[in-house]
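Starting off, we have a lone chain in the form predicted on its own, written out as structure tokens.
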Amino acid sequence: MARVYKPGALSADEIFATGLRDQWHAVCPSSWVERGAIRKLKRLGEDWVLYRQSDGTVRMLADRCPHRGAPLSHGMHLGDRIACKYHGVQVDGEGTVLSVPGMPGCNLEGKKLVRALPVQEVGGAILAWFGLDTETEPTPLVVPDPLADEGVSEFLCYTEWKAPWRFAVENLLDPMHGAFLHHESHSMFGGEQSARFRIRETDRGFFFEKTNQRGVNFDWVEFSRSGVDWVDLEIPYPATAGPGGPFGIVGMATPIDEGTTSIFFWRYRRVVGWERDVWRFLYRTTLEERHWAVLQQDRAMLEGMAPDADQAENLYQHDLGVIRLRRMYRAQAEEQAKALAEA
């Protein structure tokens, strides 16, 4: 019987550390996978290979040849398939062995022997469905509102931080850090440095927002689950930033492994017509550098935190969003570990 490599059962701690399954995750910018190219990536602690077919379709496979386990990412792009460099075994985008050149008619041919993940491209990024069971149909992916709004103009910002993914998500569920860590920035210098917060439920997640201030600083964030986990937030812009509304961010954080995270920020404004042109010009010429400086403040803070920083904390009212998030993710990790153990 032909064998298909699958990772072993994961504990709840391992899932909590490397990312929740049965959902979509942003994987990389679309520009990373050009036609004719092969890209090796690690996501959720596993090795993957991505390639773009000659018709433009992106494919994502486990980076293991079904013959001897050699990395397919070392192979050759053949338009609609990859040929393993070790012995030439050809695998298509569904994970099916199409040809074994060294032994035509081999019983491997025609069998689906490599894990293949469903992928979609959204807002200039590639998203993939990481299921507990690869045979399970993925849940529908509902694109974050700002990325589906024709009245929004966005730029995808991608970076990688040497910090656990949950630290990155928790950072977004912590609006109060804007008034301190980013107090010297061009957009988060205003407002009070004390606040009370509340959680406001929605049908897809919750808002975590200040009760005494809005539209002055980083005053609210919405956490949403729509097949993929994402946050949306807005920060007021100074007049020097040109016409248009507040500056918005849609954020996602995807685990590379236990200690490294892919960061996706879509920076956007609700602008149309000539205002859109002005926004895009100002962003590229002036604003982008300022935003990277702010992002570097977050990176330096999170990378400087010990991996077990969350083991001896003393949280207070401002951390209700973080607490809510942790409880939800921990409970889901335990459910998924139980499902894997029983499979």
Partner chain sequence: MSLYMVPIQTRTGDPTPYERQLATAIEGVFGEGEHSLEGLVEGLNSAGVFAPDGKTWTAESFTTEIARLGDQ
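Numbering follows the first chain given and starts at 1. Worth saying up front: this structure is predicted, and the values here are computed from it rather than measured.
Quick note: we don't show the form predicted together with the partner chain, though the next part is all about it.
Of the heavy atoms in Thr260, some are within 4.5 Å of the partner chain in the predicted complex. Within this chain, Gly93 is remote from the site of the partner chain in the predicted complex, having no heavy atom within 4.5 Å. Among heavy atoms of Met176, none comes within 4.5 Å of the partner chain in the predicted complex. A residue is said to contact a partner when one of its heavy atoms sits within 4.5 Å of a partner heavy atom; Ser54 fails this definition for the partner chain in the predicted complex, lying far away. Though the partner chain is absent from this view, in the predicted complex it lies within 4.5 Å of a heavy atom of just one residue from Ile38, Leu282, Val58, Val294, which is Leu282. The contact with the partner chain in the predicted complex, taken as any heavy atom within 4.5 Å, belongs to Thr159 out of Thr211, Thr159, Thr136, Asn107.
Heavy atoms within 4.5 Å of the partner chain in the predicted complex are found in one stretch of 81-89, 203-211, 95-103, 240-248, which is 240-248. Along 266-291, a non-hydrogen atom within 4.5 Å of the partner chain in the predicted complex is carried by Trp274, Arg276, Asp277, Val278, Arg280, Phe281, Leu282, Tyr283, Arg284, Thr285, Thr286, Leu287, Glu288, Glu289, Arg290, in order along the sequence.
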